[in-house]
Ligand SMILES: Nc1ncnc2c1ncn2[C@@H]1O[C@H](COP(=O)(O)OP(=O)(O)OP(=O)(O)O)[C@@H](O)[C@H]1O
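The chain below stands alone, shown as structure tokens; this is the form predicted on its own.
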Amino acid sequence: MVQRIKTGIPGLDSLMEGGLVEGSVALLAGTTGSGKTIASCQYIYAGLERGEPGVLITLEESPEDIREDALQFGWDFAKYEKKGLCRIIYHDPSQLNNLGGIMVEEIGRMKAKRLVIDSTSVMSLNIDNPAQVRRKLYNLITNIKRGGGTTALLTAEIPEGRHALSTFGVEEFVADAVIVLHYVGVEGAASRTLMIRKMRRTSHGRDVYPMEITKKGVTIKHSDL
């Protein structure tokens, strides 16, 4: 029987047979403002509330900013950090060579059940060769999956105006699942949607679903709710 990890995002788990496949790596891709970081924080915090240790590695924002932003949704990461259940780590994206080692070390030390890396899109900084970036990203995802006990969510930016699913075009092929968020702003009104492009070992929803960001985080709307 496939074991599932609940995302903590209302309306999402019922679209994928109860949650992410345990031990898998999911790609959360989206345009600017689509809610990637909020959803990934929500995923980590849902695990903490269930007693599941989590590691969040940020390649863009500072841990302080993430903690402050999370408080707007009622997520007190500092409380769980003090209990030793959570680690929020900033890693300089220009120092990719040791990212995998730090990640594996923290997962082992924390016995982490959940991992977030936000965002893989900045991994190209200071690297001019796209093939080299792809190899590093491939190795990173492979190392996560090799451990088996951690269920990971990686975010990636979809460049505006492009029909790609990620920045480098390799993430979606290596990841076990691909969830795509879209944001459209028209005359001051914002419209957000979610679509599950693929998910191994899962019969998942195949429509485009309305998504809202409320005071409690991300919510997915569909007829099964």
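In this text, residue numbers run from 1 along the sequence as written. Keep in mind it's a predicted model, so treat the numbers as computed, not measured.
We do not show the form predicted together with this ligand, though everything after this point is about it.
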Contact label in the predicted complex: Ser203 to this ligand, heavy atom within 4.5 Å: no
Contact test in the predicted complex: Gly33 vs this ligand, heavy atoms, 4.5 Å: yes
Interface membership of Val174, this ligand in the predicted complex, 4.5 Å heavy atom rule: no
Non-hydrogen atom contact Thr58 with this ligand in the predicted complex at 4.5 angstroms: no
Position in contact with this ligand when the complex is considered in the predicted complex, options Asn98, Thr142, Ser94, Gln72, heavy atoms within 4.5 Å: Gln72
Whether Ile9, Thr193 and Lys221 all lie within 4.5 angstroms of this ligand in the predicted complex by heavy atom: no
Residues within 4.5 Å of this ligand in the predicted complex, restricted to 89 to 121 and counted by heavy atom: none
